[in-house]
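The chain below stands alone and is given as structure tokens, in the form predicted alone.
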């Protein structure tokens, strides 16, 4: 669908207070939510995200609450909230159009530092969102791989012998990471969820916001950063073997699973992140190199 439905166009107009004269579909993102940049008769433009299933509908309600909470605290690292239509099945979140901002990659040292500075600001704030522990088994990835190694081994990143020898170290290391903390986490920092304007980084897509250990937030960004030509994770967070184990386990337990029908690109990006995170864990924990797949 290359244009919004007539019903959605009318809803956009009602929400934004002006008729829509043009709409451009945005392909970024890994969920089935619909994303549109709309041009309005009064000369403004806006970004509209539409919930397409129950998950994305629930996430938009959460995002709306996060945007309102952060703006009330004076946060300037996110777009302006222009409106929200709370329809139970197809809510609409209308935000400031950031099309004119710079969307990485490429990455430069200045851009990396801009993101880190924004994350420092995020982590200094508090919101009434769940603690990171609400994600339950999400951070027990190597336990899941140990129980069913087939999907991970099927990716071809490491052999059965390597996994058998490395798994006890990985299991022990992931348990050393404390998830607990009072810092606000974005927990989905990637280039498709951030842009830069006037030298500052802005973050979008706040549906995973929670409270926890800020190093977990930063650490989960690093595999995608390196995959896009940025520094290796070790260069940003040296000597973090347990954190590398936790993050690599998260992707190792998911990247080889069947494609998600309503979000077919998720496994692809998880594989990209695992291809960086796994060698990071191996280096940081002194595990055998991954190159010999027969080990």
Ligand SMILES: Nc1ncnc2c1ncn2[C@@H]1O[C@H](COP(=O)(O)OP(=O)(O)OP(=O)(O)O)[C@@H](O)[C@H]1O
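Residue numbers count along the first chain shown, from 1. Not measured: the values here are computed from a predicted model.
One more form of this protein exists, namely the form predicted in complex with the ligand; it is left out here, but the text below deals with it.
Although the ligand is omitted here, in the predicted complex all of 30, 95 and 98 have a heavy atom within 4.5 Å of it. Contact with the ligand in the predicted complex, defined as a heavy atom within 4.5 Å, holds for exactly one of 121, 213, 144, 207, namely 207.
Proximity to the ligand in the predicted complex, defined as a heavy atom within 4.5 Å, singles out one entry of 62, 267, 35, 44, which is 35. Of the candidate stretches 113-121, 98-106, 151-159, 217-225, only 98-106 has residues with heavy atoms within 4.5 Å of the ligand in the predicted complex. For the chain shown alone, residue 169 is not a contact residue for the ligand in the predicted complex, no non-hydrogen atom being within 4.5 angstroms.
The ligand in the predicted complex comes within 4.5 Å of no heavy atom belonging to residue 254. For the chain shown alone, residue 259 is not a contact residue for the ligand in the predicted complex, no non-hydrogen atom being within 4.5 angstroms. Within 4.5 Å of any heavy atom of the ligand in the predicted complex lies no heavy atom of residue 235. Residues are counted as partner-facing when one of their heavy atoms sits within 4.5 Å of the ligand in the predicted complex; in 170-204 these are 192, 193, 204, in sequence order.
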